[in-house]
Structures are given as structure tokens and as C-alpha cells.
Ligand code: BES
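The chain below stands alone and is given as C-alpha cells, in the form predicted alone.
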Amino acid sequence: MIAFSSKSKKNQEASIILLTSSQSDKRLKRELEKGEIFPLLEGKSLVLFVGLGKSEKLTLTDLRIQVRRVFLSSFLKKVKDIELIPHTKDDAAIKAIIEGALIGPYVWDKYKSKDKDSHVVKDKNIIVLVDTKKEYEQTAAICEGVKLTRDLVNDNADFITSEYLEKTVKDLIKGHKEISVEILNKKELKAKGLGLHLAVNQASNKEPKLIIVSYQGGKKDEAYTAIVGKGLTFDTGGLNLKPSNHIETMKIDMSGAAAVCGILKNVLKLGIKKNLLFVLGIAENSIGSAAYKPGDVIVGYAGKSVEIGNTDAEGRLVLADAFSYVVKNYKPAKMIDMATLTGACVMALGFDYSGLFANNDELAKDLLASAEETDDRAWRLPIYAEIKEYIKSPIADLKNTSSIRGGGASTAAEFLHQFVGDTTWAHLDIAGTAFCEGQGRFYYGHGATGAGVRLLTNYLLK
């Protein structure tokens, strides 16, 4: 829990005081090094001074990192009530501090033996010593959506099934009168002709689903903005089986759908006054005698036939049917999707920037501005007229893989582009940013990051 107060309380177990090198405290006899945590006991209360280094070199990313470090330090393991005293009155810096305190200490330990950490207090009460502002409360609320997304992505694939994601959505929208939901299961998907979605799932014993939540937060005549998430609860690659060192983390292939859940949670909490669609295209790409095959030609909801060049290019098939169905039946003015779509995007941008593709410069500009403000980073990559030649097939309307070797993130985006019609559209390839392996990066530990949640919530707020 986090709260804000302009006055210090005396009953805190610990106080965290953030100091740049240009700031001092009479209780300190020397300047703190960057990253140094200096403890001081005052009566029964622990005071932790945290060195931030030179103010002119302190970035908001680094500020989040330093806040995370102190919250994960051994000094605070048994502490529940904490007072956090910023070094600044700058709104952007204070929001970064809030994110460092709420996003940074996250640890996925659901399956660890509890007795080992029984002495650790995980749910802390944090009071930030600043005047209450709406934007601070919004930042704290958005972090809860990030946490939900991370929890969904980090859990086991046989636990986070399509049924579980449906339950998650229904739990989120329960009691909200401004919401309606449409759910297409296997029977409905088949009856309506979503053949691409069904093909990806046909070797699985799990139910495929297309979930569409309609949120009426704006005026009745306002067009929808659709937020679409790829939800492959596990991706083996199909008959084009993924190799070792790649398949182990494929429970994360539903990160886009999980981010949609996180954004939905944020929208409901913040009461955003927009008409929105939250769309989850959910399937499991398994192997077996029923699996769809390289060389198959499959017809989707849009009526376009697709030659299967590789069964591991499956997410774009599920999204293609989701796009087509939403565009025809809901007619959104804008559509933004998130998907762990291509390894090529990771090769191009690494793990710190999502790839952004768009058919509209103004939408791309707005999304990049939100990415910059939230540190939920994105970099624009191209789609262009000539690139559609690379996804043509001699035996079908399209092919789900490219005829050229390079530019895989762009050709995948162009495949999606073929199913948006005239809708203003943007695509976020979060293949690199959605998950951290090893010790993590920035202010994330090992596991899911919640990529896209802060970015798109910020965009919707604006």
C-alpha cells in the first residue's frame, strides 16, 4: 500500500531519505557515493540515507533503480511501515520514485518454499512525504495494473489457460455497468469462420477464445479505441518446433493479452472517459497429430487465404482474425495491439525498446511521447508499400512468413497491416521487452516486466 502525506509521522519503522551529491543532512558527516545506503538508528526507527550521485547526471531510470535497490536491501526485510522522503519536488521525479518503490521490489516467488522467507515482510505500507496529487495517485494505481500483468505472465502455462484469463477478465469487470463482454469459444470461432485462430489451436486440448470487452466510458457517439493482445498461453512453435534455450520461456507468449488485462484494470480504477475495446486472442500452439502443418492454406475471418510457411509464425494468425472480427463488428476508430511477435525485433532493438509500427504518423508520435514519459520504451520501425511483396504467396493471398531473409519484424507487422482495413492502427512488438532472464535489467528483476501497460495507460489518459 502506498499513500501520500505532507507531514511526517513519528511511528514509522524506517525512513528512506534520497539525497543527490549537492544535498546534505546534518546527520551525515560526508557526501554519499552514488548507490550507497547509509543506515542510522534513531531511537527505534531506522533511517536510511540513499546516495543518488550528481543531480545533473541523474536520469529518471537511474532514480527508479536506486529506489529499487534500497527497497530490496537487507535493511528493510523485516520492516512494514516506511516513510519515503524524496530529494525533489519535480513531478516526473516523484512519479519515478513511486514506480521504483512499487515496480522495483516485485519478486515472483509463488512456488518457493514459504518457510525460507517467513521473516520477510513483503506487503509494506509506504508513505511518500509529498503533497497529494492526482497524478501521483494515478501512477500508484497504474503500478497495480503492471503487477497483475507480471503475475499472469510469470505463472505456469497450464495454470494461466484461456479459462483462467476469461475468469480474470470477468473478475475485473464485475459490478461495472458500463461494460459488456463477448466471448467466442471454439464452437463460435468455427461458426463465424475464424479459421486462422482455430488452426493455431487445433493440436491443443485447451479451449481457444476471443474475448472482447466493450467499455463505455465516453460519449455514446464516440468511436472505440481497441486495445488488442496476443494471448498464446504456450508456444511450442508447432511442427516447426522451437529449439532448447528458446522454448523454455514460451509461457510469456501471452504477454500482450496479459497487458490488456493490466490496462483494463487501470482504466476501471482511473475511470478513463473513453470508449474502449479490450481484446484478447487466446490460443495454445501445441504439437501432435492434429497440428496444423507447414504448407497448409487456411482461410481466416476476413476471407483471405494464408499459406503457412512456418507454424511458429502463429501469433500473427490469431491477431489477423481478431483484427478482422473487431474491425467488421465494432468499427473502432483506432486499434493498438501488443504482441511478443518476432525474434527479429529483439535482434533489431535488443531488450530495452519495444518495436512500434503504425499506419498513422500522429498516432505513432503520441505513443512515442507516452513511451518517453513512462520509461516503457518504444522505437519506431518501418512498414512501407514495397514490403507487402515479401508476404505474397504463389498459392494463396498471403504467406505468414517472408520471402526475404531480413526485416522479420517489419514483414510480420505488414502481415498484420493487411487485416486492419482503413482503421488507424499501431503495433507494439514486445518480444524483447516483456520478460527479463537472469538478474533482470533496469529496475526489473527476473521475469515479466509488464511491458506496454504504463505506455498505453498513459496514452489513454491523454
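Just so we're clear, the structure is a prediction, and the values are computed from it rather than from any experiment. Residues carry their position along the shown sequence, with the first being 1.
One more form of this protein exists, namely the form predicted in complex with the ligand; it is left out here, but the text below deals with it.
A431 is the sole member of V67, A431, A413, L428 with a non-hydrogen atom lying within 4.5 angstroms of the ligand in the model of the complex. Among G343, G295, P382, G288, the residue placing a heavy atom within 4.5 Å of the ligand in the model of the complex is G343. Proximity of K206 to the ligand in the model of the complex: non-hydrogen atoms within 4.5 Å are absent; the residue sits far from the partner. The closest heavy atom approach of K242 to the ligand in the model of the complex falls within 4.5 Å. Contact annotation for N310: at least one heavy atom lies within 4.5 Å of the ligand in the model of the complex. The ligand is not drawn, but in the model of the complex it has a heavy atom within 4.5 Å of K230.
With the partner omitted here, the stretch from 151 to 159, 313 to 321, 129 to 137, 260 to 268 that lies within 4.5 Å of the ligand by heavy atoms in the model of the complex is 313 to 321. If you take 126 to 152 and check each residue for a heavy atom within 4.5 Å of the ligand in the model of the complex, you get nothing at all.
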